[in-house]
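The data below hold one chain only, encoded as structure tokens and taken in the form predicted alone.
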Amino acid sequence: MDRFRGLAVLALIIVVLPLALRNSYHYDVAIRIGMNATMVVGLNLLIGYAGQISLGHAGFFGLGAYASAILTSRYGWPPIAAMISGMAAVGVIAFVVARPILRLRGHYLAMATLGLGIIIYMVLVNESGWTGGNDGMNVKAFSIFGFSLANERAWYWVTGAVLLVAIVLARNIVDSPVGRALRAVHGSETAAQVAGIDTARYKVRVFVVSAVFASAVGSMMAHYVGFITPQVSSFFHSIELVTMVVVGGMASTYGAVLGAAILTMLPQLLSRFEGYEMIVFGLILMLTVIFLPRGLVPTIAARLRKSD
């Protein structure tokens, strides 16, 4: 019942929120929150539940974005086909690189995923014949069955629906035997192996799932904005995503949504301090780890249970 209660509350917020959105800018911020939240829900499966750090996840976001941009703009593919093809390609890439990378642990794993993200970023920059390099490239509007998402209101409802579907999928994984195996890996990989769990297989699976989530959101963002550059796969973007997971609460699906909401709105509030976003994100991450090591939602929930 708790899982359905949280989903119902979020669905109610999505339905009611347009009453408070007064202009296109407000809708834009809400859409970006929804997209970031969808991606972070997937990343939380990897970091929060499986305990595997990734500092290059924006690379998968960038691959999904450019897959849709290139296939629709250069080859005339339907956007939905380009999006699905990008997800499939990213899933294959993630599967190929996951086994050697996920053999590493701790800061070695962090360095390996950072290197993967940098490689993807440099490929997108240097392959200017395909990607436009640092100048970026235009992306066609998203359309399906003749219906085009031409305004922020339409994108808001699509993004909200995709977020709810992503949460349902994530919660089904968490509450399944796969989710229990991931938590066992997080607790002690050695103990999980002794218990007969194929830790390598489960880590690869969750890595691929989180990468596919990122690719899907990358495609959505590319079509929504209508223009992309390699900066979508930058190291700073990866740090943003990890910070959202940590601030909201690792191993908390709705914590990931809250973290995405807070840290998506934060740059809008700090717009007058442009250039200092990295410092602010670093301070937030550091203070959260020190004072709220479990993140906002798990800490608040624990204190409420204690008070009861």
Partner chain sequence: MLSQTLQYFFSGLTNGAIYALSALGFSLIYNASGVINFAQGEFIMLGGVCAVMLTAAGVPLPLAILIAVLVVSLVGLMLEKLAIEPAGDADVVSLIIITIGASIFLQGVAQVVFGPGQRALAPFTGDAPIMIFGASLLPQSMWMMGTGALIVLILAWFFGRTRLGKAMLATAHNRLAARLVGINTRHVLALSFVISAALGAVAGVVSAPITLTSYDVGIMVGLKGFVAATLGGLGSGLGAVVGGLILGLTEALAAGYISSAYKDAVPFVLIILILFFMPRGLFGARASERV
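Residue numbers count along the first chain shown, from 1. Because the structure is a prediction, the values reported are computed rather than measured.
Below, we refer to the form predicted in complex with its partner chain, which is not included among the displayed structures.
**Student:** With heavy atoms only and a cut-off of 4.5 Å, decide whether Leu116 touches its partner chain in the predicted bound form.
**Tutor:** Residue-level check for Leu116: yes, a contact with its partner chain.
**Student:** Closest heavy atom of Ala141 to its partner chain in the predicted bound form, within 4.5 Å or not?
**Tutor:** No - in the predicted bound form, heavy atoms of Ala141 and its partner chain never come within 4.5 Å of each other.
**Student:** Test of understanding: in the predicted bound form, would Arg74 fall inside 4.5 Å of its partner chain by heavy atoms?
**Tutor:** Looking in the predicted bound form, residue contacts with its partner chain do not include Arg74, since no heavy atom lies within 4.5 Å.
**Student:** With a cut-off of 4.5 Å between heavy atoms, is Leu283 one of the residues that contacts its partner chain in the predicted bound form?
**Tutor:** Yes, Leu283 is a contact residue.
**Student:** Is it the case that Arg105, Thr190 and Phe235 all touch its partner chain in the predicted bound form, with a non-hydrogen atom of each within 4.5 angstroms?
**Tutor:** Yes: each residue has a heavy atom within 4.5 Å of the partner.
**Student:** Would you mind picking out the stretch of 64-72, 252-260, 33-41, 47-55 that comes within 4.5 angstroms of its partner chain in the predicted bound form, counting non-hydrogen atoms?
**Tutor:** Looking at the partner contacts, the answer comes out as 47-55.
**Student:** So which of Ile101, Leu149, Ala94, Met137 gets a non-hydrogen atom within 4.5 Å of its partner chain in the predicted bound form?
**Tutor:** It is Ile101 that has a heavy atom within 4.5 Å of the partner.
**Student:** Just one of Met111, Val225, Ala81, Val158 has a heavy atom within 4.5 Å of its partner chain in the predicted bound form. Which one?
**Tutor:** That would be Met111.
**Student:** Which residues from 116-141 come close to its partner chain in the predicted bound form, meaning a heavy atom within 4.5 Å?
**Tutor:** Counting only heavy atoms within 4.5 Å of its partner chain in the predicted bound form, the contacting residues of 116-141 are Leu116, Ile118, Ile119, Met122, Val123, Asn126, Glu127.
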